[in-house]
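This document opens with one chain alone, in C-alpha cells, the form predicted on its own.
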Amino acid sequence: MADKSVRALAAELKNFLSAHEEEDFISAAATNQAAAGFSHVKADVQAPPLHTKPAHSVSEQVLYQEAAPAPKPAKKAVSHSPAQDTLTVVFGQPVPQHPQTITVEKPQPAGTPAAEENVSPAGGAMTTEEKTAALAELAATIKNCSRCPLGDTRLNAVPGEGNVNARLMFVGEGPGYDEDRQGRPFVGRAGQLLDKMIAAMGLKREEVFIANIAKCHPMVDPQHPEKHGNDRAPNAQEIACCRKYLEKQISIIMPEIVVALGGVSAKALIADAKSLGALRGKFYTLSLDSVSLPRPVKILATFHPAALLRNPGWKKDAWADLQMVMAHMGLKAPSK
C-alpha cells in the first residue's frame, strides 16, 4: 500500500510540474546561473551591446500581404482569417556593419552554378528595405510551395517571422498543430516557453528572427490534420526540399548567431553532427549548401522548448547554452 501511495503522489507531482513549467523558466535559470560556470566563456569577437529599444516608429512597421496558396482539389477546404495570410516584419536597430567581410565558400565540383550571395542589386550589403522585400518575396514562394508531400496536407505554410536585421536567429524543426493553423512559428506551448527564454536573455521576440527547417506541418496522420498530438519530426526528404528556403533566409538576415533548437535542426545545420548531447556547449561555423555568406555566422545547438516541457530538469542546461550566446553578443539578463 505504501508503494502505491508513493507512486500516486509522484504522478500528481509530475502533472503539477507539467502544468507550471513554463512559468518558472526565468526563475529556474536565475537559480542555476551561478552554477552554470560561464565565467570561462569568452567570445571570439565582442559584439557591441544590442539596443533593446525599437529604433523606428510604429508607422515604419510593414505588414506584407502574402500571395494565397494555390487551391488543391484533394485538400479539404479550411477557412482562414486575414492574419493567417500575412507576414509581419518588425524593424529594429540596424545591425552594426563589420569593418571587414570574409566570404566563406565551400568547394564546388566543376560545372556547379555559383552560389547566391547577400548583396543588393547595386553590389553592396543589402539595406533594410531590400532585406524586407526579399524575405516577403521568399515567404510568398514558400506559401505556394509543393516540392514535397507536406505541401498537400498543410493548412498554412510557416515561412518564419521577426526582425530583418536580427543579430540572433532561432531555428526549430517544423511547425506543429497551432503553427499550422496560424501560419506563424512557435505560437503553441513550446513557443510560449521560447518567448520566456528570449526574455531571460534580455531580448524581445520582435528583436530576433524565428524559423524552422521545415516550413509545413509534418503529421503522423496527414489525412486528419484536425487531430491533436499528430506532430512528427520532418524526414530527410522534407528537410532537403525546405533547406534552400532556410538558407536563403539566413543569407538575407545575416545574423551573428543561429541557435538550433533540438537535435533535428542541429544535425541538419552542423556538419558531421552526431547527437545533440555531443554538439552542445560549443560554437560552430555555419556552412550552407545553396548560398555563400559574406562573413562567418556562428551556430550553437540547444534543447527544443518542447523537450524542456517534457523534461523540466534540462532547463538549467538550456540556460547555460543561452548564456554562451549572451556572452558572445554582450547581452545581460534583465534585473529582477
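The structure displayed is predicted, hence computed values, not measured ones. All residue numbers refer to positions in the sequence shown, first residue = 1.
Not pictured, yet referred to below: the form predicted together with a small molecule.
Contact flag, Lys298 vs the small molecule in the predicted complex, heavy atom cut 4.5 Å: It does not: once the small molecule is placed as it appears in the predicted complex, Lys298 has no heavy atom within 4.5 Å of it.
Non-hydrogen atom contact Gln249 with the small molecule in the predicted complex at 4.5 angstroms: Looking in the predicted complex, residue contacts with the small molecule do not include Gln249, since no heavy atom lies within 4.5 Å.
Contact flag, Phe186 vs the small molecule in the predicted complex, heavy atom cut 4.5 Å: Within the cut-off, so yes.
Interface membership of Lys267, the small molecule in the predicted complex, 4.5 Å heavy atom rule: Because no heavy atom of Lys267 falls inside 4.5 Å of the small molecule in the predicted complex, the answer is no.
Gly176, Asn212 and His304 each touching the small molecule in the predicted complex (heavy atom, 4.5 Å): Yes, each of Gly176, Asn212 and His304 comes within 4.5 Å of the small molecule in the predicted complex.
Partner-facing stretch of 128-136, 177-185, 221-229, 235-243, counted where any non-hydrogen atom is within 4.5 angstroms of the small molecule in the predicted complex: Looking at the partner contacts, the answer comes out as 177-185.
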